[in-house]
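In the form predicted on its own, a lone chain appears below as structure tokens.
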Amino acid sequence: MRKWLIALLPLALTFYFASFIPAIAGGETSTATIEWIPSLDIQLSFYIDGLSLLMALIISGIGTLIIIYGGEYLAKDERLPHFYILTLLFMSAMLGVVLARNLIALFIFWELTSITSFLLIGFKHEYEKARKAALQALLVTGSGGLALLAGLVLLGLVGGSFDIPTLFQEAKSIQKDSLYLPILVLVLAGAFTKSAQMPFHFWLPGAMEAPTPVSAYLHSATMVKAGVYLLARFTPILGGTPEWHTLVIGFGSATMLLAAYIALQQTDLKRILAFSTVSALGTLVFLLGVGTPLAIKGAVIFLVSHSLYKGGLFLVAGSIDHETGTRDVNLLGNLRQSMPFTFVGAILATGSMAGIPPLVGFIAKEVVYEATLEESAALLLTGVAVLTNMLTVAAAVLLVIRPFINKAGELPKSPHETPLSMWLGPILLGILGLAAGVFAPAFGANFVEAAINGITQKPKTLHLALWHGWNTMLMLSMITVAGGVIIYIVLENLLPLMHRLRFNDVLSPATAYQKMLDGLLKVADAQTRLLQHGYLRRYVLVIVISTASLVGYTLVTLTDLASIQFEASTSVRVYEGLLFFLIMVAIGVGIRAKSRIAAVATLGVVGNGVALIFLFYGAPDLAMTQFAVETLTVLLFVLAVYRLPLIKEYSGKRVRIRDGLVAASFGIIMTALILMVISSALPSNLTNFFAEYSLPKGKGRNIVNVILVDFRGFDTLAEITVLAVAALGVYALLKWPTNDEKHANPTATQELDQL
């Protein structure tokens, strides 16, 4: 019952988005804006047109079925509530991606899909394979996300706006800009990694370690479509150029053909579906690369078709695994009798996958052929499409014949039909695919036409029909189905040859990824041994050298040191000289002290001397703060070093010379920096502002206090928080010595008593 109640949320969203169909089909768009940070004019805006509405309906509609299915599939898993929460979070992130009007908001939701999918793929985190697959997906898509961020920022700067509809109007100027190619490459990198285009495809089959409901939702209907959506959304901005055609068609065609070829070599149901999904994504990218109105039409119809049939097939695969205990097609068979409803869902889904009329997959395939036939390289492009679809048909036949028709092997479990909540999804998705084909004109008028207009930003009337008479596309469809059946019949004889023609493991993208990851870990290990070695003195040395080098280089290269002029008083008062002498003596004693406690005490003398300087020069509030800080610091240092042994020997002479040179260099650079700052008066409007508003706004006459408490309140709070956390850490590490410990270390105890 709980799964049905939870499913009401995505179902309500589906009906909500469906309410926009009449208006969007009529050519309208809808925008909703949420004030995020009004004082900075930052808003969170959402945009619905035909493309985003179609994607939103797919996300929420299939999400409803996934919630119902997953509730039964994972009924015995104690982490079922986690599945509900993560799935709904992922759904929210995907809706944000397709509805976002702002580039930065789109990227934020984009990354949220990566994070939530990482958690969903690693749902069975007790298994190493699941953890590795989740990490692999996160690293690949996350790397693409970083590239996408750079591309989106450049796009916003070049286009003069981060508002997507505004960028539609700036497409010509963006494409003429010198940064167009870098923007295109960066955006394509984000899209290709997310939508598993070769050579980034390997993460998707690996992600099949996730539970089947996750695979059905993320890796067939939604997340992997995010990259395709991105390309479709940016087609009017970045598309239509030779660079776009070359890159997008090239990657898409290679992916669609090679992935379909690899799919037939698999024996695991989910891996067959995974590689066929990669092939379908390649087809979508290929069509968007072609970019003609017919190609866009084919992409939209195929996007819907694939979401319906592949979502259903993943659910069928999950039901088979749930009831038989295996997904190996060489063991499965004769399930049509024990799982009749699942069989019906499989027939409808594979029929659409193979492009059999009157299912919507048939229409999609014919439009794809029509789009390739009108291109200048029609023979090549159509040939690639036909061969890909033949391999897809063979995979579709395999997915029906092996599990449901062939004789079964020895199964781990005796199969029987799944509950309603598990066979409802495949059958309902199959019926929707059938309805979209039978009622093609209505499907085209209400969904496809609006989505095409959303991609091209050019209103156009569309007529969609199931039957166009005897034509070239129909002949190619018949050849495709016949060729796919023949490939399936001879598949057993072809497999040895296909295995020999596979990528060598050394050359495969998955192997390259693993080697890169191993290399990165080795570099991290080496730098950890070099830099993160646990010696505080080396940490300080690295920080001081780095700071001195960077600041010194900047001063030498960007500043005319000879031009620095400042006024300095040559008269030194007696107490100033005595204070300077006291500080220098304390520094000398601290350097030579063999007792850590004595060294801490001398540092306290130096700090209090600085506090006296503040006091002498009219800053009593700073002096009081310095006195308090020095007192607390000395006490903390004493407590921290109390139990450490005496310093028995100094560092070597060479080390001391090195440290002296580093310290001197740092001191000289800081002195030069301060002299440069005080050599010229820096104009500031803040001085007058603080003086004017400290009393009426901050209710205080001490301007410094008002700045710290009111104008920089959050900064001060952060500093206090850091100090509090540090104090808690020190408190946790410290333990006052017992009498036995005092006897064990009498020297340190004697020093503390003397102090």
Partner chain sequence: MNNKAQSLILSTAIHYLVPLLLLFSVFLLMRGHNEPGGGFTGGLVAAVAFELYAISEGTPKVRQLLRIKPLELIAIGLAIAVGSGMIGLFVGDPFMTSLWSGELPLLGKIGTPVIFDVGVYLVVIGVVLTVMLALAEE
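The term rigid core refers to the maximal set of C-alpha atoms that superpose within 1.5 Å between the two forms. Numbering follows the first chain given and starts at 1. Here the structure is a predicted model, which is why all the values come from computation and not from measurement.
Another form exists, predicted in complex with its partner chain; not displayed. Remarks below refer to it.
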Quick check on residue 705: any heavy atom within 4.5 Å of its partner chain in the predicted bound form? yes
Partner contact for residue 240 in the predicted bound form: its partner chain, 4.5 angstroms, heavy atom: no
Report yes if any heavy atom of residue 700 sits within 4.5 Å of a heavy atom of its partner chain in the predicted bound form; otherwise report no. yes
Decide whether residue 640 counts as a contact residue for its partner chain in the predicted bound form under a heavy atom distance cut-off of 4.5 Å. yes
For its partner chain, considered in the predicted bound form: do all three of 713, 724 and 728 come within 4.5 Å of it, counting heavy atoms only? yes
If contact means a heavy atom within 4.5 Å, which one of 87-95, 256-264, 345-353, 616-624 is the stretch that engages its partner chain in the predicted bound form? 616-624
In the predicted bound form, the residue from 401, 379, 629, 489 with a non-hydrogen atom within 4.5 Å of its partner chain is 629
Please identify the residue among 174, 636, 384, 435 with any heavy atom within 4.5 Å of its partner chain in the predicted bound form. 636
C-alpha of residue 30 moved at least 2 Å between this form and the one not shown on rigid core: no
Residue 620: CA shift of at least 2 Å between this form and the one not shown after core fit? yes
Core-aligned, does residue 48 move its Cα 2 Å or more between this form and the one not shown? no
